[in-house]
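Both blocks below hold the same protein chain, though in two forms, and each is given as structure tokens: structure 1 and structure 2.
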Structure 1
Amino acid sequence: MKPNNDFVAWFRSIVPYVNEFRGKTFVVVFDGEITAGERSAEIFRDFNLLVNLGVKLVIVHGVYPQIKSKIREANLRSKYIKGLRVTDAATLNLIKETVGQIRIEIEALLSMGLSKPPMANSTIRITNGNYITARPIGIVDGVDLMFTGEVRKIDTTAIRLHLDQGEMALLSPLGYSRTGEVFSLTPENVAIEVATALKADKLIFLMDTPGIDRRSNGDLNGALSELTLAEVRALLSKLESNSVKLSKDIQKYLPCAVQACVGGVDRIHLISRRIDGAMLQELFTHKGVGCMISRGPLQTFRSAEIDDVGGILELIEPLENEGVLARRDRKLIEIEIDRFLVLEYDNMIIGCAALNHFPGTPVGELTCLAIHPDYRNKGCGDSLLKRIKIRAKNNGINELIVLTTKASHWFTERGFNETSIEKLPKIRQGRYNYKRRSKIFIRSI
């Protein structure tokens, strides 16, 4: 049988994500269109798949389009104050009826997903219940919003109990007051509060918009695929002054993202529900298909720790196989882990470098400099080199050497000069691998 290299490479590329997401809590929110819309079966199958991969998943559904048409059919009239519907008793009855109906449809879709590949023979239970305590919003601009409410409290203990048993939590936009009344909530309010209360790792908005127009954000170099909280705030103030154009969905969800970030959720994703496998593409590929908003900077440099050995190996092994880097034993990396610096992006190691000091000499060696192919040519290599130089100086090193087979020009362009083996410290000369015939470079620092 012929080896399928694409499959092997693809499989290896998703392993770091699978490891990263196992045991993490994700909250996904979507409006009512999703149950009847295109790709609904695939979306619900993907929810099951995430749970099977060990993600603790909470899904929050809306009912907006269904309620809108029911109100029309019943000849009722909705009144909105500052974007919030006034929910009278008749409308609340329609909402209760619709929530029940949609919940059943969702449970059916989730059960259907389990009978087909890739989820056949797996069992995932769904939990829902009186997890949300609500209170009335009250009077806005002199108008009583009646049964329109907001989240007051979430029973995180109960939800966690079910998530920890591998169940998926399905939450509806309804909450109950201590006096036994039912209140209509927005799915976004429920999702943000649940994500914050559960200290979720990700909050995902599945939007109706066909795709994210990453070009609509001209002032940020066309990059709507990744934004920090500070950038989102800047974007929102530009939106207020009409100096930037964004789709309706993005306008609606960006303030929600800010609220969730401020509440402590690290990553918010805005994804179109209309793209097949959008959630999987966003979560398991570097490029993604949506917009990821992060609370803090996505990229951090730090000293490596013993738990980073796996991530470092995943990064350097392909380069060792190609002969670009000299082979290193896992044990040796474990022993020498203090010598490594790593570059993390979104909790994954995408770069590393190590510094060896030759005792009794002012010479240090930069080794194992590697940047993940998806992140090259963005200055990451340069930044790691700068940090290695600082570390070297702090250790009394004033000459840095490096041995390379494929990156000579990269180092000469950064002030390194080619030198001969005799210029290496004696101990290093003895370990020079004549088979690899690496070129030797040196520079003062």
Structure 2
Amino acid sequence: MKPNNDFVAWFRSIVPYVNEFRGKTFVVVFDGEITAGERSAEIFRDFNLLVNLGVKLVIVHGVYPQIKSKIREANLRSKYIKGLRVTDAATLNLIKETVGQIRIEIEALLSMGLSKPPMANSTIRITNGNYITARPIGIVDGVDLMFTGEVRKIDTTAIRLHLDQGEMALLSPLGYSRTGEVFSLTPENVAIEVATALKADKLIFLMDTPGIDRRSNGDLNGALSELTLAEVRALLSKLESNSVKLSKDIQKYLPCAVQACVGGVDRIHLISRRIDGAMLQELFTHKGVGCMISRGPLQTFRSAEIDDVGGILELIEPLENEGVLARRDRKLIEIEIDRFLVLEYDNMIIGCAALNHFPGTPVGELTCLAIHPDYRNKGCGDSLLKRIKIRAKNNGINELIVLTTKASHWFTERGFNETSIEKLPKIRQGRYNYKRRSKIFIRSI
């Protein structure tokens, strides 16, 4: 039987994500179109899959298109003040009726996902209730918004209790006051407040558009699949000055992302619901298919720890098999772990390098420089080299050597000059592998 190496590589690639996400809290928000969309069954099956992988999942649904249609059928008029609907008693009745209908449809879609592969024979319970306390927004520009409200408080204790029992929480855009009134809320308001209150690890917006509009003016020519909070704020400033053009979805959700980031949510994802398996591709692959927004830089450097040995091995083993790096076993890496620097991307190791210092000499050796294939040619190697040089200087090293069989050009482009074995410290000369016949390069730092 011929081995399926692609499958093996794929399966191994998602394992770190599965381990990372198990026990984490995700909040997903979407509008009412999703229940009638062409990929609705697949989307809700993916929700079930996430829960089965150990994710604590809260989903927040909207009803805007359905309400719009019912208001038109009832010959009612909608009035908006600064983008907020004035919700009178008649409109509220339609909203309550529609929310109940949509919630039942969603529960049916989630149940349908359990009867077919890959979720067959699995059981996921869905919880919903009066977890949201709301208050009226009140008067805006002299107009009473009546039953249009905003979140006042989230019953996080009750929601966490259900999530900890493996249940999925389904929240609707309605809130309840202490006096027994019902208020219409926006799903975005509910999702942001829930994600903030639960200290969610991720807040995911499922939208119509695929991401940041590539037809924007200004300097938005690169792929905007990752943004920091500061970059989002800068982008919104450009939008206000009309120096960029963004789709309506992006204009709607970017301010929501800012609010969630400020509230403490680490990662916000903007994903198109029209892409098959969009959530899975965004969450379980390096490249993703949407735009991820973080409070701070996604890439961080730090000294390696003993728990990083597995991640380092995953990086260097393919290069060892290609003969790019000399082989190192786990025990050796564990012994030398304090010599390693690692580059993390979103809490996953994507690069590593080590610095060996030869006692009694001002010479150090750069070894084990490796970058994950998805992040090569993006400056990660240069960043690691820069960090290694800083560490070398701090340790009294003024010359850096490197031995390589296949990366000669990369190092010469960065100021390294080829030299002979005699230039190596005596202790390193004795360990030179004549079978590999590595070229030796050196540069001052």
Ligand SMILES: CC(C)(COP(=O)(O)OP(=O)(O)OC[C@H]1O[C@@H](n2cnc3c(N)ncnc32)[C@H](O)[C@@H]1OP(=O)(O)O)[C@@H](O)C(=O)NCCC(=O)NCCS
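All of these numbers come straight from a predicted model, not from anything done at the bench. Rigid core (definition): largest C-alpha set, two forms, superposition within 1.5 Å. Residue 1 is the first residue of structure 1, and the numbers go on in sequence order from there.
Here, the chain labelled structure 2 is taken from the form predicted on its own. Superposition on the rigid core between structure 1 and structure 2 places the CA atom of residue 407 2 Å or more away from its counterpart. For residue 57, the Cα coordinates differ by under 2 angstroms between structure 1 and structure 2 after the core has been superposed.
Annotation: Cα of residue 326 displaced by at least 2 Å between structure 1 and structure 2, core superposition.
Comparison between structure 1 and structure 2 places the CA of residue 392 3.1 angstrom away from its other position, after core fitting.
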